[in-house]
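Each of two forms of one protein chain follows alone as structure tokens, named structure 1 and structure 2.
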Structure 1
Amino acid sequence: MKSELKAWVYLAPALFFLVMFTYYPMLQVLWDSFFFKAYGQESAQFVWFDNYKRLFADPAFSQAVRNNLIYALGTVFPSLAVGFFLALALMKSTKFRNFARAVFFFPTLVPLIAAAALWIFVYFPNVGLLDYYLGKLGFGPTQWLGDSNIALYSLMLLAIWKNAGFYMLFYISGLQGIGEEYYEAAELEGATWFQRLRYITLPLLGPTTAFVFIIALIHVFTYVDHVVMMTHGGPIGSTNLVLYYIFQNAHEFNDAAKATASTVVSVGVLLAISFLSIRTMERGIHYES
């Protein structure tokens, strides 16, 4: 009992801040999502699930969800793949590889709003770096952020550039935790490099991949600075993500009821995906160094 009491005493400050600044606001948003207050009205009216009905009937929300799904597929898996292969190349420590790790990790340190400002100059038509070098190859200028068909993919490229180095560090840590005896035994059996990758490295990195996958999903649902800075959800809503949709309803359209309802839905989906990923991580293959 004394040891358990000591543990709770140590945990109390963190639990206090979690309750006050995480769980209480979540419950408050959930409660507020059942109320509607018209502009200029003094008191809010309890409307049950009407806010959710209005939310799911809103074409802009459906478009934001589709955009977020495409954005997630186009950033999470490529970012994890790039981070994994960078980790394979830079796993063993040498002076050059340590320098390369710092180079690839540097975009993670750049604030997203600053990275967005930097990439505006990369994507700027005619005079931007991308159009400049593509022009040397004979390609004409492209509206990277002004064309509704490619604007979202331009944001994806920025997200991959920024996050891959961060995921690389987790994979390097996971790779360094796999014992050499597994690879030595596989080599004695005549396994090729690809077979060792498929049957040893990838399965033993299962817990690491599940954890990094959760982090990547959180980034997908919580990163909005580049949308605000670069596209404002346009053109024609092609880059309007769910978080920017919430921002618009709360601060531009003065529809706090719809904003709270969409927040509850997005947080619920994120919690469900995170829970399933953690369960997968717990059932995955674990190893000891």
Structure 2
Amino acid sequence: MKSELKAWVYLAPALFFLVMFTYYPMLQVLWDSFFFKAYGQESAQFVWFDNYKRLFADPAFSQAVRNNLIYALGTVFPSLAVGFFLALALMKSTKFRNFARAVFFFPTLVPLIAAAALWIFVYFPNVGLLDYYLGKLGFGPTQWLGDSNIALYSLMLLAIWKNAGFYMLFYISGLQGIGEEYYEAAELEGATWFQRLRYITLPLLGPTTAFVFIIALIHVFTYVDHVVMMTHGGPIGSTNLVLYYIFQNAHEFNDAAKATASTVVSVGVLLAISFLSIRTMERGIHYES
């Protein structure tokens, strides 16, 4: 019983902040989402599901959801793939490879807002870094952020550049954890490079991939700094992501009701994903420990 009490004492500080800034706000926002407070009025009215009705009737919200899905697909898989192949190439430690690793990893360390500041110029039409050098190769100028068909993909490219090096690190450590004996055995069997990749490396990296996948998912739902900095969700809402939509409604549009309702929806989606991913993570933990 002494252990029981001790445990609660040790847990108390962390639990206090966890409840205060994760679980209490989750309940609070759920409760708030059933109220509507008109501009200039003192008290809020209970309105059942009207905020949700308004939310789902808002084309900007459905667009943000759609954009976020495209953004998630187009960012998570490519950056995992790039991270994986970089890891394969740079796993062995040599001077050159260590330098290259540092170059790929460095974007992870810098603030997304600083990266976005630089990439505004990278993407600037005609005179920007990308168009300037593409121009030397004979390509015409592109409206990387001004064309609503392209802008979201431009943000994805930035996100891949920013995060692939991070995932590369996980894959490098994953690769280093695979025992030589597997490959030696495979070589004796006459397995090709691709076969070894397919039947040894990838399966054994399963836990790493699961872990990295979850981190990447968190990234795509919780980082919208580049949207704030580069596009404000435009042109025509083509780069609006759900969190930016929440931010905009709460911070600029005085629409707390829509902001709370959309927060509840996002929390719901994230909860669903976490229930699924906890299983994966658990498996990951058992592998490792």
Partner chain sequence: MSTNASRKRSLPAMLLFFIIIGSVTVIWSGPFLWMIIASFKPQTFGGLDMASLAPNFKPTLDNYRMALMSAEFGTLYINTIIVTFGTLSVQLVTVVLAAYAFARLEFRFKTLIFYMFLMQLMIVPPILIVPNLKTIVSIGLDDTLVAVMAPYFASAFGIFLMRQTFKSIPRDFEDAAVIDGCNWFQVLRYVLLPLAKPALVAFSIVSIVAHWNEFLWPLMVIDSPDKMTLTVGLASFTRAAEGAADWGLIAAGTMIVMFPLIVAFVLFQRQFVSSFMFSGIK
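On a predicted model such as this, the values are computed, not experimentally measured, just so you know. C-alpha atoms forming the largest set that superposes within 1.5 Å between two forms make up the rigid core. Just so we're on the same page, residue numbers count up from 1 along structure 1's sequence.
- Shown as structure 2 is the form predicted in complex with the partner chain, with the alternative form given as structure 1.
- For residue 50, the Cα coordinates differ by 2 angstroms or more between structures 1 and 2 after the core has been superposed.
- The two forms, fitted on the rigid core, differ between structures 1 and 2 by 2 Å or more at the CA of residue 28.
- Superposing the rigid core and comparing between structures 1 and 2 gives a CA shift of 2.6 Å at residue 18.
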